[in-house]
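To begin, one chain is listed below as structure tokens, in the form predicted alone.
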Amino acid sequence: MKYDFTYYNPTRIHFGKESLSELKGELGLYGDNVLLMYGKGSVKRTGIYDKVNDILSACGKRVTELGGIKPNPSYSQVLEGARLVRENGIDLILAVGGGSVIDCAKAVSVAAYCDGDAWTKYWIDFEEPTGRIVPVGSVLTMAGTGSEMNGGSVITNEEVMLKNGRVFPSSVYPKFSILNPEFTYSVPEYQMVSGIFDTMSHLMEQYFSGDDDNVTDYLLEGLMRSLIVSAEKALENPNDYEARSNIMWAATMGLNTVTGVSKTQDWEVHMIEHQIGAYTDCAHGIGLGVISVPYYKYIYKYGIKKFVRFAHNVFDIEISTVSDDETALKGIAALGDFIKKLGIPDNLRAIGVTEEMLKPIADSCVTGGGYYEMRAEDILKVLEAAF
């Protein structure tokens, strides 16, 4: 392993069918005032909302609610949550939902007592949080983002058409997260698939960097293989507990920072999709699925050894005696076949992108990349190939 690192993750995970029973003990560690955050109503339809509220009530908590968090949470919602935190003396923010709700909860936790404009300070200038940070806990209902065990927070500022993500330090990580795979059963297939590919993309963003032979790469390959197998089983039977458990834990492992140690990492696919999402409000994982193959076709030659290894170790493709190019492209094609099996479209038009959006999206992306330093003109070529 080439790169030194320090690894620490403070989030306590309760995993399994009975994991919600651990919420009572967790609540006992905090004061009486709880901000309950959730999405647009699925937690109520499934009964999870009632179960959580029953526990909050039994623990004597005073609950303030902020529902309706968007799949791409907005900065205006962050400001509303920050106001509620201050006005109600909130001691704990409890996010019940998927990654969007948890991302928004973390944003509220740092924005509530921020001195100045939180958007500029944290999502533009990427400063470290100052002032009081309100603790966050989560009850996960959709697997994919890994937000339940990391400091990531992706927020859309609709006024300036920017969707920016950043990783906060460990002080902002959820203090605890409750993961019951059964809570993900009711998620529509479209959202399940979006979460699966979001997980796959997280793994690839970390994997496609560097050519050293390290432990982290083997972890990433194993997680990708497991995810592919479990995804096929879940598509056949959405109530397959083992498959949904494996998907849920792969999603958490895929972005709890352990799979990024010693890796330079890429993240350009995510930067491109963030701006696609800012313009279309498409599901994050679906956008990633549309853009991944065109992006990797564009940059694979600059990291050919890793793409050959990906083809062989993840998709069991025999290494070509003709050329590394042949093996690498077969691996990318196999990735495309996996995306197709998931039911993700293969063009940007299908997710609401118009031709007029292509250049503004490219020009507003955060440029960078792993094997190849992308510029706006490169991103435009990838978008045109995906269109």
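In this text, residue numbers run from 1 along the sequence as written. None of these values were measured; they are calculated from a predicted model.
There is also a form predicted together with ligand NZQ; it is not shown, and the following applies to it.
Peer 1: Have a look at G47, P345, G352, G41 for me and say which one sits with a heavy atom within 4.5 Å of ligand NZQ in the model of the complex.
Peer 2: So the residue touching ligand NZQ in the model of the complex, by this definition, is G41.
Peer 1: Only one of V154, A118, M224, A311 comes within 4.5 Å of ligand NZQ in the model of the complex by heavy atoms, so just point that one out.
Peer 2: Comparing distances to ligand NZQ in the model of the complex, the residue within 4.5 Å is V154.
Peer 1: Taking ligand NZQ in the model of the complex, would N150, Q191 and H284 all count as contacting it (heavy atom within 4.5 Å)?
Peer 2: Per the other structure, all of N150, Q191 and H284 touch ligand NZQ.
Peer 1: Using heavy atoms and a 4.5 Å limit, would one call I276 a contact residue for ligand NZQ in the model of the complex?
Peer 2: It does not: once ligand NZQ is placed as it appears in the model of the complex, I276 has no heavy atom within 4.5 Å of it.
Peer 1: Can you tell me whether G254 touches ligand NZQ? I mean in the model of the complex, with a 4.5 angstroms heavy atom cut-off.
Peer 2: G254: no contact with ligand NZQ in the model of the complex.
Peer 1: How about K163: is it within 4.5 Å of ligand NZQ in the model of the complex, going by heavy atoms?
Peer 2: Taking the distances in the model of the complex, the answer for K163 is yes, it comes within 4.5 Å of ligand NZQ.
Peer 1: Check whether P73 has any heavy atom within 4.5 Å of a heavy atom of ligand NZQ in the model of the complex, and answer yes or no.
Peer 2: Because a heavy atom of P73 falls inside 4.5 Å of ligand NZQ in the model of the complex, the answer is yes.
Peer 1: Please identify, from 129-137, 180-188, 87-95, 301-309, the stretch that has a heavy atom within 4.5 Å of ligand NZQ in the model of the complex.
Peer 2: Single hit among the candidates: 180-188.
Peer 1: Just to make sure I understand: among 198-222, which residues lie within 4.5 Å of ligand NZQ in the model of the complex, judging by heavy atoms?
Peer 2: Contacts from 198-222: D198, H202.
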